[in-house]
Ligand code: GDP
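To begin, one chain is listed below as structure tokens, in the form predicted alone.
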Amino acid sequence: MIVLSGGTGTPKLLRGLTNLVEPSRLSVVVNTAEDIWALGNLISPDLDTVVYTLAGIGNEEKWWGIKGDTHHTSQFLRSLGCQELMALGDKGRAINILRSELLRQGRSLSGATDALTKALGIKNTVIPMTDDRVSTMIKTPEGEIHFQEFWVGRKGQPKVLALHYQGIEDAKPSPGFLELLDSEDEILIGPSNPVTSIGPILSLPGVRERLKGKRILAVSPLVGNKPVSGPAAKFMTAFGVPANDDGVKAILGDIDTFVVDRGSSYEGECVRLDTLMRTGEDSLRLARDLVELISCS
């Protein structure tokens, strides 16, 4: 099974799936269009959250960073007059330093990710969607800015006029992603932002064509017609689709099973489940329901 993931909703689901599916049968392809270089190191937020979740070290209160991490380096940088865009924990920074050093040594992002997952004892396969540079860019009344500048730097406040995936036309799916598309028939699209998390993965040249004929189950990230967190509604409107499950389905395209929350207003063919995951028990419950759906499809 291939799971397509962003950085919050899908890792919550992975928390449950890893208790039900053997690591050799569960591979995760992760969005990298929110990656950004800062202070000489590549920050890959969605990859990191997936990796930390699978390693059992993620901060499950914020779904960002490592649980119990300290911030001495970030605090000292601020005292020196350096205001970071993204304040990293010390252990998280170590991950980014190692990733970036591996890249500087000539490894691909896939190779660096493989080295990190092995070092952390992760048995699942974790693959970046591409080894090429793709960036989600947000058009605002003040100009075009990177997703991280919009969401972290400006707290998601600017009006969103449009957005696009810079570099997507020239990017290629990572070799590991292509291998999975050749060998796996079951695709689970996780409950991550359909525009900025799943959209870039599906927009890579050739991906939608390779998905034809596969069994695809998608879980909407909306609960009661609203995002659980993040700027999905604002982005969906700017993307030209309604900020509801009809819009999610329009972005995802052809799928076999569309799972929505019981409170959704969606009127098309779907499966309704309790999709809100506040706790580990919630994640396990939803994962069980989805595994049963997949096995019956």
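Note that residue numbering begins at 1 and tracks the sequence as displayed. The model shown is predicted, which means the values in this text are computed figures rather than measured ones.
Unshown form predicted in complex with the ligand; subsequent notes refer to it.
Residue in contact with the ligand in the predicted complex (any heavy atom within 4.5 Å), chosen from 227, 176, 199, 89: 227. With the partner omitted from this view, the residue of 130, 136, 193, 113 that lies near the ligand in the predicted complex is 193 [heavy atom within 4.5 Å]. The ligand is not shown here, and in the predicted complex it never comes within 4.5 Å of any heavy atom of residue 284. The ligand in the predicted complex is approached by residue 34, whose closest heavy atom lies within 4.5 angstroms of it. Residue 46 belongs to the set of residues with a heavy atom inside 4.5 Å of the ligand in the predicted complex. In the predicted complex, the ligand sits within 4.5 Å of a heavy atom of residue 276. Judged by heavy atoms within 4.5 Å of the ligand in the predicted complex, the contact stretch among the candidates 65-73, 262-270, 229-237, 36-44 is 229-237. In the predicted complex, the ligand lies within 4.5 angstroms of at least one heavy atom of each of the following residues of 1-32: 6, 7, 8, 9, 10, 11, 12, in sequence order.
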